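One chain follows as structure tokens, the form predicted on its own.
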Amino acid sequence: MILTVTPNAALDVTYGVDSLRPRTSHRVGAVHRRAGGKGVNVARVLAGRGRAVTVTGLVGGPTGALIREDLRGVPGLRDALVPVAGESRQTVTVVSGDDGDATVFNEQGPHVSSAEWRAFTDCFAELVREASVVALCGSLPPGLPTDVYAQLIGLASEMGVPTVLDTSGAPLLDALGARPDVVKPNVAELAAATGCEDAGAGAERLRALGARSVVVSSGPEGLLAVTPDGRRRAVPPERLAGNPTGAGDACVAGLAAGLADGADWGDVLREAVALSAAAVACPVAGDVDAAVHERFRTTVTVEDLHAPQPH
């Protein structure tokens, strides 16, 4: 079982418009509403690939009830979300049809008390006993200190369960000392966290701070992996138009599945890039296009760059 953690679960609302232009009104075409947040999206991708997956995190209020209701309709996905008193957030993504760009509006989420967080960590400590991998994903709701991912990684490490971390800013930096097995920033998040414009240098900086391996996503340019046994770059065979908002979550799903299987890094990166591309081809985050995934998984190029650096 792969366990995904979404402290700030959301109801994701996606609007499709012909063209997004500031300071004017728009007619909305397709509208999608579904349970979301990065870890929920990761779980959807995994469940769609036939993986046993459990979703945990924090939800509350009528929006939280809608999130849980939607998850009940996902085959193979187990809901272990923990209730809080506050109202779960919504996110709104506006996808422009003329260029495929996505504009995202993220609410902050409910305030979480220390007692609610203790209840969650008790639940997490039980769930992690059953897990082969834990993926910890996304922003933190108000009220939580920025070191909570470090706490959860520490609990998983005590149980011998590897972790994948996908977050940014202070929660990312504060988690590194707990030694997550894989950290997956995008290039902007990496530069903001390290001050390094060069992705390789930034990844080495995160490893020096405690990450065992770092996988940097660069959108259509693919992935750069800096691991204990070297650097690799994985590049998709072509650029796809579509909605990129779920690509990073699909990448994390590929990384988590690869860790669970004990696959070599070349295979892990091919699958992560293929799933990312297949997510871009779908209108909402959490879905993958099966035909694109099948086409890309055998055509992604993985290049060994150079020998590992000691840490």
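Between two forms, the rigid core is the largest collection of C-alphas that superpose within 1.5 Å. These numbers come from a predicted model, not from an experiment. Quick note: we count residues from 1 along the sequence shown, nothing fancier.
Just so it is clear, the following notes concern the form predicted in complex with a further copy of the same chain, a form of the same protein that is not shown.
Undergrad: Have a look at 191-199, 75-83, 103-111, 130-138 and name the one stretch with heavy atoms inside 4.5 Å of a further copy of the same chain in the predicted bound form.
TA: Single hit among the candidates: 103-111.
Undergrad: Please determine whether P62 contacts a further copy of the same chain in the predicted bound form, using a 4.5 Å cut-off between heavy atoms.
TA: Yes.
Undergrad: Test of understanding: in the predicted bound form, would D122 fall inside 4.5 Å of a further copy of the same chain by heavy atoms?
TA: Although a further copy of the same chain is absent here, D122 would stay clear of it in the predicted bound form, with no heavy atoms inside 4.5 Å.
Undergrad: Determine whether any heavy atom of T298 comes within 4.5 Å of a heavy atom of a further copy of the same chain in the predicted bound form, and answer yes or no.
TA: No, T298 sits far enough from a further copy of the same chain in the predicted bound form that none of its heavy atoms falls within 4.5 Å.
Undergrad: How about G29: is it within 4.5 Å of a further copy of the same chain in the predicted bound form, going by heavy atoms?
TA: G29: yes, in contact with a further copy of the same chain in the predicted bound form.
Undergrad: Pick from V235, V187, M159, V92: which has a non-hydrogen atom within 4.5 Å of a further copy of the same chain in the predicted bound form?
TA: Result of the distance check: V92.
Undergrad: Using a 4.5 Å cut-off on heavy atoms, what residues in 252-267 are near a further copy of the same chain in the predicted bound form?
TA: Nothing in this stretch is in contact.
Undergrad: Quick check on P62: with the core superposed, does its CA move 2 angstroms or more between this form and the one not shown?
TA: Result for P62: no, shift under 2 Å.
Undergrad: Superpose on the rigid core, then tell me if the C-alpha of C282 is displaced by 2 angstroms or more between this form and the one not shown.
TA: The answer is no, as the C-alpha of C282 shifts between this form and the one not shown by less than 2 Å after core alignment.
Undergrad: Please check if V104 moves between this form and the one not shown, taking a CA shift of 2 Å or more relative to the superposed core as movement.
TA: Yes; that C-alpha moves by at least 2 Å between this form and the one not shown.
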